[in-house]
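Here you get one chain, nothing else, as structure tokens; it is the form predicted on its own.
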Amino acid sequence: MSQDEHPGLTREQLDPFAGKSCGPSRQSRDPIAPSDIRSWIDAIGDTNPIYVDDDASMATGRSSVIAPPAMLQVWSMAGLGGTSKSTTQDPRKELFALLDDAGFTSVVATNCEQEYLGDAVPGDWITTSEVIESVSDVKDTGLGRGHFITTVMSFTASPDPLGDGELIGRQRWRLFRFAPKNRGSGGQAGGDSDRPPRPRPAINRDNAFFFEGTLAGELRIQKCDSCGTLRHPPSPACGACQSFDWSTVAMSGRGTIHSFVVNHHPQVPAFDYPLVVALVDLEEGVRFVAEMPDTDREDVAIGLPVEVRYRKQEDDLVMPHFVLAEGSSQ
């Protein structure tokens, strides 16, 4: 289907959605627990003591440990069981249905901005509300033609599940609903030509070096020129010393499995399932997330050694993945 067959929705169709709430507010399933915080910082590798040490937190003027601000959205997650069905109208679902009918059936998250206004502490209940801020005119991008949808989530915290909460943060979340470009026979290299192509990552000036590296068969990671800290995912500034000066170094591609998940649902036609995704501790000290295709779930275990491999996804795009190192077993 050509781009001309996806002319986009009109302002008369889109404007009524601006300012509408995305269903009712949602409360966290449980109050914040110190164990939740420890699980998060263990996975992320955040060693800030104010999340686990009352004395360290009180030294900053707080009364106790706090939850990491970046955990805001965690408290709104419904879990594997999903949310209970509600009869309340959800304009967002209506908008998505309208876009689906117009042919904009693919989706990719483009960016997320968080604003922290207060602290959440163990024992707090977090309530989340979300509003559609705007829907763009139709846009042409490297992925295809579509509309950008921006929503704003507001988070409040209260020690009383029935009480009014204090606003502690906002999150602006932007999705792109689009009709994929026709990439010819496309799809995955060596794959079934009838399968849709895999989603293409958003490549920008902050991460272009990484994909230039994979094209060259290298796993390139940022290195701060001021303090030498390695960092991934890519970012404009060093989190350790705030320097904006950086270069890249090629990793060995060897590491061990720190953790992993096996995805079964929802299934995207471009991928094979069950899909193993591993969090790998590279031997240089950086953590990296990637698939482990063609790997049986029964063969994967925390601590096993792995090695990077590269697979051509498109003519100008090569993606890394990991395989078990030769001779490794549970």
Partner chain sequence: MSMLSGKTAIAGIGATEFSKDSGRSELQLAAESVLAALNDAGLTPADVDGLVTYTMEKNPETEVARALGMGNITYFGRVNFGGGAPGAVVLQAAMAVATGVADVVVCYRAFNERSGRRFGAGVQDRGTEPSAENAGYAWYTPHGIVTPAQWAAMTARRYMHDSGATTEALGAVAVAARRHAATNPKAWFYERPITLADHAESRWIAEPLRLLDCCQESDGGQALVIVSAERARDLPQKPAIIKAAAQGIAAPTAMMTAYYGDDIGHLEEMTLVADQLWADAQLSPADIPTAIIYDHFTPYVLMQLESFGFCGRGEAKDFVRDGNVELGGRLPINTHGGQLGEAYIHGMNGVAEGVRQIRGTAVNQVANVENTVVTGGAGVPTSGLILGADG
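For clarity, a rigid core is taken as the largest C-alpha set superposing within 1.5 Å between two forms. Quick caveat, the model's predicted, so the values are computed rather than measured. Residue numbers count along the first chain shown, from 1.
This next part talks about the form predicted in complex with the partner chain, which is not shown.
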| property | result |
| --- | --- |
| Heavy atom of P199 within 4.5 Å of the partner chain in the predicted complex | yes |
| Partner proximity in the predicted complex: Q242 to the partner chain, non-hydrogen atom cutoff 4.5 Å | no |
| Exercise: R287 in contact with the partner chain in the predicted complex, heavy atom 4.5 Å | yes |
| Proximity of K223 to the partner chain in the predicted complex, heavy atoms at 4.5 Å | no |
| Selected contact from L167, I203, A97, A237, since only one has a non-hydrogen atom within 4.5 angstroms of the partner chain in the predicted complex | I203 |
| Candidate spot S259, E291 and I302, all three touching the partner chain in the predicted complex (heavy atom, 4.5 Å) | yes |
| Contact stretch among 120-128, 247-255, 156-164, 227-235 - heavy atom within 4.5 Å of the partner chain in the predicted complex | 227-235 |
| Sequence-ordered list of residues in 245-273 near the partner chain in the predicted complex, where near means a heavy atom within 4.5 Å | H258, S259, F260, V261, V262, N263, H264, H265, P266, V268, F271 |
| Cα displacement of D46 between the shown form and the other one reaching 2 Å, rigid core superposed | no |
| Core superposition between the shown form and the other one, C-alpha change of F17 at least 2 Å | no |
| After fitting the core, L219 CA displacement of 2 Å or more between the shown form and the other one | yes |
| Sense of the change in Cα distance from H232 to V108 in the predicted complex - at least 3 Å versus the shown form | farther |
| Direction of Cα pair change S57-G239 in the predicted complex, magnitude 3 angstroms or more | farther |
